[in-house]
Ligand SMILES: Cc1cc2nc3c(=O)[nH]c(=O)nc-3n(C[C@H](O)[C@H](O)[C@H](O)COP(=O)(O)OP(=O)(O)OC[C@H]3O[C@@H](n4cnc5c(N)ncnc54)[C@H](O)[C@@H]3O)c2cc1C
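A single chain, nothing else alongside it, follows as structure tokens in the form predicted alone.
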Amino acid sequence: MKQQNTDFLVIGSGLAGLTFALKAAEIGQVTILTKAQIQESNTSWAQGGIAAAVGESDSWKLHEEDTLIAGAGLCDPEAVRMLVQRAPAAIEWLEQQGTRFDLSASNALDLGREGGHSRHRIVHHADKTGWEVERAVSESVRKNPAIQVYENCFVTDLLISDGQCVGASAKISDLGSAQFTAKATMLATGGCGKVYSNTTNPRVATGDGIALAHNAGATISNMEFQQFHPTTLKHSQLAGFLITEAMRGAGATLRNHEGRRFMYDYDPRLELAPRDVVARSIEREIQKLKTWCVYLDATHLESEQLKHEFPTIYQRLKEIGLEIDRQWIPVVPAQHYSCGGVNTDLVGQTSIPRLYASGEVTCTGVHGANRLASNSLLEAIVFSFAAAEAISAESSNLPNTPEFKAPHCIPESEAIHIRHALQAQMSTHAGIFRTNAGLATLKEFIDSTLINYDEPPSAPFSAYSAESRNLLIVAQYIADGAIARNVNVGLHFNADLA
């Protein structure tokens, strides 16, 4: 078995993990473990941008107010203030890494607007900001001699000794089992969208970090708050393709099958209400008219504006026969972001000493019951910065490394069946609208499946099988949280409580 010691271990290669790695590399050696390629993460798929109060008419206080309103009273005010006050510095750091943001005619940052924001404050790179950010930051990582990256590396367990995290066990493609020890470990594994049938998340978003933290005994909360993006493409050739909120910020409107602009019926902020409001409104409209989608109408916007501001969306939809300057775009909500996760303090410290976390895998208190658009990439940078500052105090004297524990897997053929059944159950019973009976059915399915999953005999290691078990653990947290939440707030809506 491969054994390696490093100063700082990072699990995940999205913006949170790479930011932490670059900052930690200033004081020690860093090892990054990522289960796919370094740039395959939720970060790369983010279209909209990064929120920061850098405009002349804006302030961190306004950004703070918008974030607190979106979070529906469940945000941690201290975490939110830290986030918004450090946003301009985060943008500046990204520019130093080589990130290219769109500029206005006056050579200032071109700021967009999205739902829930009272000002134009979204810093962006056309409609593929996440891709551009990940490109720039991963290039900086590749060039840094103090950072070693293991791709196609599936982490199977956190190493816990004397109640502290001292590293992780992993399976590396072509190299087999490995153990990595470190004086501080950063959990930055991203989201869990693949627990649902319809999600905007990439294939790697299987809740691995939640399961790792759970197995290690870390505190996890607020997983019932699953954000559904209001506008994803409803089309057989490009299912789940995200239509950025920035398009509504530019003036696109939502219409039902009768052609009526229906958001007037639901919220005075119309299409720019927070995401939970817009997603529920769309779902209600679909149910009311017994249709399969609603439509995003951008036909009144200038063709050149659409081509310039949303080139990726314009081109991808044109390839499947949709011309967005001439035709309405069929859209439905889809799971997009997990607002809950592993609990951390303001420096990313989890409930387990030496284990830190940052990004979508966490519950920092920033998002509360509903994430404000374009705060996610910002959160990843700000809290990774804070964690990188905190780790300098960690001692190099580690307790003994625990023995390697072989991961438990079932045959892939069984795991495939379980995953598809779970996704169907979650989409039916833990989506935008929930009921007591539905949640009880879901809970029974998850609990019984987990028991059967862990029964012998064990099959050879399979990443797919391990991911499927991780998804079951994630689903258990979502279901338990939804059952315990006895009031409708933010992203949690139980029809029996209405």
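Predicted, not measured: the structure shown is a model, and the values here were computed from it. A residue's number is simply how far along the shown sequence it sits, counting from 1.
Omitted here: the form predicted together with this ligand. The next part is about that form.
Does every residue of 116, 224 and 434 put a non-hydrogen atom within 4.5 angstroms of this ligand in the predicted bound form?
No residue of the spot touches this ligand in the predicted bound form.
Select, from the options 201-209, 392-400, 76-84, 313-321, the stretch whose residues sit within 4.5 angstroms of this ligand in the predicted bound form by heavy atom distance.
Contact-bearing stretch, as computed: 201-209.
Only one of 387, 155, 294, 182 has a non-hydrogen atom within 4.5 angstroms of this ligand in the predicted bound form; which is it?
The residue in contact is 155.
Does at least one non-hydrogen atom of residue 337 fall within 4.5 angstroms of this ligand in the predicted bound form?
Yes, residue 337 is a contact residue.
When the contact criterion is heavy atoms within 4.5 Å, does residue 469 count as touching this ligand in the predicted bound form?
Residue 469: no, not in contact with this ligand in the predicted bound form.
Report yes if any heavy atom of residue 231 sits within 4.5 Å of a heavy atom of this ligand in the predicted bound form; otherwise report no.
Looking in the predicted bound form, residue contacts with this ligand do not include residue 231, since no heavy atom lies within 4.5 Å.
Answer for residue 348 alone: is it within 4.5 Å of this ligand in the predicted bound form, judged on heavy atom distances?
Because no heavy atom of residue 348 falls inside 4.5 Å of this ligand in the predicted bound form, the answer is no.
Within 1-34, which residues have a heavy atom closer than or equal to 4.5 Å from this ligand in the predicted bound form?
The stretch 1-34, when checked against this ligand in the predicted bound form, contributes 11, 12, 13, 14, 15, 16, 17, 33, 34 at the 4.5 Å heavy-atom cut-off.
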